[in-house]
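The chain below stands alone and is given in structure tokens; this is the form predicted alone.
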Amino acid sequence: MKQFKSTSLADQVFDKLENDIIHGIYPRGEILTELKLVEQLGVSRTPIREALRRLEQERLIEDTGKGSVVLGITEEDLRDIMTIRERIEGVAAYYATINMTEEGRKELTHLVELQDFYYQKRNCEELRKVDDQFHDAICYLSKRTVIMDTLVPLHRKTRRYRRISMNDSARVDRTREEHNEIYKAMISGDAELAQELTTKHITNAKIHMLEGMKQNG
């Protein structure tokens, strides 16, 4: 794991394992052991042990006494995650609009322009990254700690299904339109409209992600 160079090694191991579980590299039911991960990742047991503890707290794995079984994200999990996002993310957009700063406007404008750039190139992987950044930006701009702490981890857990969505050209078109509508409402200072549009956007994403999960597992 030569790319892991700075700050907390445990954080970086956690990020990698979380991402691999969410994307199905470690499928549901697989057993992870410290020894197996030491061999695969090339790091000591200490950061792996810490990462496994955090993954268990996130309910992505469960300790069996002989290793950790991968739980992953079930259909029920995805439905619950998106239902929570339906309830909260619109509120995040509301507060982000009320608390908007010039720096915040510039950040959102940059993300929308970046989205349009990659949309024209039909670069789905970069569009997915910008989608992550757009939703995370709304959380951070809300300046509500509880909202950020709730939503940002949930965004990470839906990466796989957002990626599947980006393979559907019709959903890519609609996502771009919805993001632009949310952006315009936020920049114009219409907090209630921003909340309404964001909630509708998450509802549409929920429907599409659940359909994608049924088709792709």
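Each residue number is its position in the shown sequence, starting from 1. Note that this is a predicted model, so its numbers are computed, not measured.
Omitted from view is the form predicted together with the DNA, to which the following refers.
Among residues of the shown chain, residue 193 is not one whose heavy atoms approach the DNA to within 4.5 Å in the model of the complex. When the DNA is considered in the model of the complex, residue 169 lies well away from it, no heavy atom lying within 4.5 Å. Using a 4.5 Å cutoff between non-hydrogen atoms, residue 54 does not count as a contact of the DNA in the model of the complex. Within 4.5 Å of some heavy atom of the DNA in the model of the complex lies at least one heavy atom of residue 44. A heavy atom within 4.5 Å of the DNA in the model of the complex is found for exactly one of 40, 33, 180, 150: 33.
Just one listed stretch, out of 22-30, 172-180, 155-163, 46-54, contacts the DNA in the model of the complex at the 4.5 Å heavy atom level, and that stretch is 46-54. Residues 53, 63, 65, 66, 67 are the ones in 50-73 with at least one heavy atom within 4.5 Å of the DNA in the model of the complex, listed in sequence order.
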